[in-house]
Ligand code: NAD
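One chain comes next, on its own, written as structure tokens: the form predicted alone.
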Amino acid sequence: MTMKLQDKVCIVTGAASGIGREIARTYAREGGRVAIADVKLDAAQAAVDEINAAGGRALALAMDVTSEEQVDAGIAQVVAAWGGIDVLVANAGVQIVHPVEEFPFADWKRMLAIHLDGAFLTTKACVPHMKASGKGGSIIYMGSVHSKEASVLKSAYVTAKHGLIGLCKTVAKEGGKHGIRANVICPGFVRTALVEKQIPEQSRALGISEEDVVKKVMLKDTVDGEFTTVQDVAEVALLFASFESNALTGQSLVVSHGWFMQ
């Protein structure tokens, strides 16, 4: 059986854990060569060791996506090792919650830098290689239901995730004639370490129990009261990476158990 990403060169940022790590595993199982980029090099190397032990091909990159120098060096390292870039997943992200009037400006700038600057810098570094190959490529941004909806306490996150849709549409327009596709995955709440951290934070900020944060805030609008899984998101990432035609570009796909319906 032909693998969906046979010999494709893929880079996934923020891939040492959570959603990014599951995407990296999925790409490797489908024959992709996967560069795992993360600020935590030891954790990235552990993810690489896991993939390689299972018969995949992976390498680790130390990358702060807000640093143009580190991004450019990391992409250059992947190209030197494997000859090009076919798939970029701009997944690196953090979460900080405060009411607007209490949101420290430094935290606001950090949030936008990681989510938006990181997506821009990795895109800027990968596009020339996708053009030069003559094969195009797939650029995938990790948005959120918060690319479509707002929630209290998340002004910076909602702003950043909305911004990714604008970046995606522009990259899709510019990249079309080169076979470069750009799309956004918009997950609902996925019970990663990032979300686990939010539960007590929102409990304190909203004055409700942690159980009520999960049931009455995070999952209240889903059709079944269930969290989205990392596997759910990875399957969509595989679809976008392996879809070879410009028919699917400039789109945002919500994966949220019906929390948001377009």
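One-based numbering along the sequence shown. Treat the numbers as computed from the prediction; the structure is a model and nothing was measured.
One more form of this protein exists, namely the form predicted together with nicotinamide-adenine-dinucleotide (NAD); it is left out here, but the text below deals with it.
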Query - Which of 65-73, 51-59, 206-214, 26-34 lines the interface with nicotinamide-adenine-dinucleotide (NAD) in the predicted bound form (heavy atom within 4.5 Å) - result: 65-73
Query raised in the report: Going by a heavy atom distance of 4.5 Å, is residue 19 a contact of nicotinamide-adenine-dinucleotide (NAD) in the predicted bound form?
Result: yes
Requested in this report: Using the partner position in the predicted bound form, report whether residue 158 sits within 4.5 Å of nicotinamide-adenine-dinucleotide (NAD), counting heavy atoms only.
Outcome: no
Query raised in the report: Even though nicotinamide-adenine-dinucleotide (NAD) is not shown here, does residue 139 get within 4.5 Å of it in the predicted bound form, heavy atoms only?
Result: no
Requested in this report: Answer with yes or no whether residue 236 is in contact with nicotinamide-adenine-dinucleotide (NAD) in the predicted bound form, where contact means some heavy atom within 4.5 Å.
Outcome: no
Query raised in the report: Which residue, 112, 79, 167, 94, has a heavy atom that falls within 4.5 Å of nicotinamide-adenine-dinucleotide (NAD) in the predicted bound form?
Result: 94
Report task. Could you run down 156-191 and flag each residue that has a heavy atom within 4.5 Å of nicotinamide-adenine-dinucleotide (NAD) in the predicted bound form? Result -> 157, 161, 187, 188, 189, 190
